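Presented as structure tokens, the chain that follows is alone, the form predicted on its own.
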Amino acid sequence: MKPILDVDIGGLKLKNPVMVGSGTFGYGDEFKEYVEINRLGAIVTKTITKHRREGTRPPRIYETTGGMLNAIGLQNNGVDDFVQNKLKHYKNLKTKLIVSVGGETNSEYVDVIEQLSSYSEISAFELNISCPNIEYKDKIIACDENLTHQLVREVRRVTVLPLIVKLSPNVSDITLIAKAAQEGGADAISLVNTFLGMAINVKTKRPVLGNITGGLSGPAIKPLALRMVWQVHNRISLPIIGMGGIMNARDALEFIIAGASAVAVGTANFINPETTLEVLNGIEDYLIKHRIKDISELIGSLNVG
């Protein structure tokens, strides 16, 4: 008898807990020749903004020891282009579609989500609050609990769809930000976005990335992300989507045991597009081997006694 893999992420019901990280899977359509997308619990789009964004100047990606630095700058063609040219690709999608949304001001987040909330193809939103916000003099919303609470509360007013808030790890206490998101009306939390880093070309004595700094992802950050998932799980009541260096089923299982109700595969998609399905199969095999009937029994089962 196969184990039950269904999970509930703040009202978003998934047939299994495996999804992809925003920005690592394009809009999903790009991977359809390599991955049986409908087997996944959900796909998450790259971040959509109100207006077209050109992104940061190149170079934008640099491989590091155990990871990757990127500074894409949320390049996208804006929400109108997404509606006109991308949404049609999801008509026959048999898994859940989560749209990642970004913005430079609170009103931009609100406008995008209000515009997209009426489309039946969309099952939930993920708020990417790790980009600079000019409304607050280029502050990072995810690094301030008050700003996080305010934005989530404003967005909550314009949509009834599940609202997932993706947090930045570049803070002194991630639990405070997570609690602020919960109190603002979030339905779930995504942990974690990339860690701020940089690389230098010693020959030219110049930064490797055109943006100077970038976000570090990949297996190098997994222990840090795992610790944050465990901390947040013990402080708030919302479901958590764990991510950060998941390369195989064992990595994913660690996040689930630490308290994640679902997991997102990110950087691994660039190395092996089939990683998500390998993770899904591995989770199912683990449950069968250990005679666990329902994955809910595994979530947050870490024994620290």
Partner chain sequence: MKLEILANTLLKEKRYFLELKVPKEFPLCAPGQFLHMRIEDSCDPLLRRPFSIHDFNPAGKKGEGVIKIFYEVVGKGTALLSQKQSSSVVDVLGPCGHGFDLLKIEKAKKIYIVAGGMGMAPLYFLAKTLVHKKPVVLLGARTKDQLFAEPELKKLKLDVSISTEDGSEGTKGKITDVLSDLLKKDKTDGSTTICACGPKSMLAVVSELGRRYNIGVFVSMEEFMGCGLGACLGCVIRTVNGYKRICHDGPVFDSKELVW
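Positions refer to the first chain, counted from 1. These figures come from a predicted structure and were not determined experimentally.
What follows is about the form predicted together with its partner chain, which we do not show.
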{"property": "Single option in R57, R39, R250, H51 placed near its partner chain in the model of the complex, where near means a heavy atom within 4.5 Å", "result": "R57"}
{"property": "Heavy atom within 4.5 Å of its partner chain in the model of the complex - the one residue of Q84, Q115, S107, Q75 that qualifies", "result": "Q75"}
{"property": "Contact check for K46, G66 and N272 against its partner chain in the model of the complex, heavy atom at 4.5 Å", "result": "yes"}
{"property": "Contact stretch among 280-288, 21-29, 8-16, 293-301 - heavy atom within 4.5 Å of its partner chain in the model of the complex", "result": "21-29"}
{"property": "Heavy atom of P162 within 4.5 Å of its partner chain in the model of the complex", "result": "no"}
{"property": "is_contact(V208, its partner chain) in the model of the complex, heavy atom dist at most 4.5 Å", "result": "yes"}
{"property": "Residue contact check: P219 to its partner chain in the model of the complex, 4.5 Å heavy atom", "result": "yes"}
